[in-house]
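Form predicted on its own, single chain, as structure tokens, below.
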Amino acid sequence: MNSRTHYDVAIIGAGMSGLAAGIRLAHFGKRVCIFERHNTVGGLNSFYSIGGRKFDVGLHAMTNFVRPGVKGTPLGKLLRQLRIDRDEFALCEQKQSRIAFGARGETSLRFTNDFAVLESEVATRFPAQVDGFRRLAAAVRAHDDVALDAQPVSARQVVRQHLTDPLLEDMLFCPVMYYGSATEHDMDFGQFTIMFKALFFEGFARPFDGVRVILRVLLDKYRAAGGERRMKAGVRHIVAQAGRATALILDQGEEITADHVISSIGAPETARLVQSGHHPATAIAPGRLSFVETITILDRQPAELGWGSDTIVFFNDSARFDYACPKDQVDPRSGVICIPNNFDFGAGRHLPEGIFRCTCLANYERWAHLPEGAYRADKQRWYQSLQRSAQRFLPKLADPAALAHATVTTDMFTPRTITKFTGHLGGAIYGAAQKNRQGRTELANLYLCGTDQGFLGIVGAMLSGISMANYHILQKS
């Protein structure tokens, strides 16, 4: 057990952004310690075990993938700043993904890690829109999405300057929203460009062994640089005096002091920790967007069921794409299907079991306070509903009972699960709607990194930790 009680930097939360911030600071000789309430690292991108089988949490795909030699990209910056060799992540590219709209996905746009494929699909299915789509792509490329002083602008308004077909507009918004938007119906254009570049200009990849590979690399780098980590040591309070964070009070009552504090747990969650005498910190509204996800383990490869090579399918069955907190427990009209088997792992190499995941929007309040029996019954009911909804957008099974026969085991998480294991209020995976690009708080030495700082995705989360460490601490040392 670590006995030191004062650090140059204390980091709250051992998620991707907290780990990256810790590595960056430790590389420059800072005495840094990460405090994590749970017994595993990764936060929203972690894993758990049931019956000896490991399940990834959060990771459908690692976005921002580029092939070796491509310069000036987020992945390249991340690897340089954390001194990681790209082979350590052992990333395998997606085969192909789709955006499928209509009752059974009648209108579909295929995309890969080659942007020309999506451009060709738009030209074929929306010929009158392709010139506008190219202008939009040029505007996205030109936009400075990492500027810390950028002012929010409606992404819908910008996109409509280039596209006039509501269907194409919604089809482009569906993936970028599902993979990063904390706001309903619309999003900031800066956030839109981050995700558009991450998904379409760059692309999807995954280590063969999933998120555990990424976490293992980060932990090895952090240890090697001399960083300390305390697990099952959550922060209960942040003591504030004279406009500064003067101490952290841990769950067990221990007091820790630090010159700087970086919190990766979210803006509303951090604000609730701050105590200024008897006056709590200014309240920050939690995000409203949460999700459920079903996980089905199969005794065969999904391709053997006839489900082809699709890695990820973003689907919507309605006239318009409604990205909002649903009134019911779950909104099965739209969602994301992920088949991790359909990455290109190399000739003759495949995951030992089939995996079929389906993610849909959910209402935290409808799940949070259920009695245990009702909670379990509702999980089972919605599991079946999501299975039926997702299958509409995949090739039809020759035998309707084939999926049930192939199923080895299942699991499902809800907004209640998210809050329990991550602390995110309201089960809000993407945090508060209002992002804080500079990561500043009402306390001069307390900074935010991660989801509520505004960078998105796994690579974005790590870059957030790096940028906040650089901007607030290393550049001023």
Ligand SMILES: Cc1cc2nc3c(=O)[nH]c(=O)nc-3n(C[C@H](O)[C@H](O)[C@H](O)COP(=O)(O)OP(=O)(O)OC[C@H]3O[C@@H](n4cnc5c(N)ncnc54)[C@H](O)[C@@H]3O)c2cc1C
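All of these numbers come straight from a predicted model, not from anything done at the bench. One-based numbering along the sequence shown.
Separately, the form predicted in complex with this ligand exists; it is not shown, and the next lines address it.
When this ligand is considered in the predicted complex, residue 429 lines it closely, a heavy atom lying within 4.5 Å. Under a 4.5 angstroms non-hydrogen atom cutoff, this ligand in the predicted complex has residue 42 among its neighbouring residues. Taking non-hydrogen atoms only, residue 159 never approaches this ligand to within 4.5 angstroms in the predicted complex. Put simply, residue 293 is close to this ligand in the predicted complex: some heavy atom of it is within 4.5 Å. Contact annotation: this ligand lies within 4.5 Å of heavy atoms from the stretch 52-60 in the predicted complex, the single such stretch among 66-74, 435-443, 22-30, 52-60. Contact with this ligand in the predicted complex, judged by any heavy atom within 4.5 Å, is made by just one of 182, 100, 235, 284: 235. Contact residues in stretch 7-22 (any heavy atom within 4.5 Å of this ligand, taken in the predicted complex) are 12, 13, 14, 15, 16, 17, 18.
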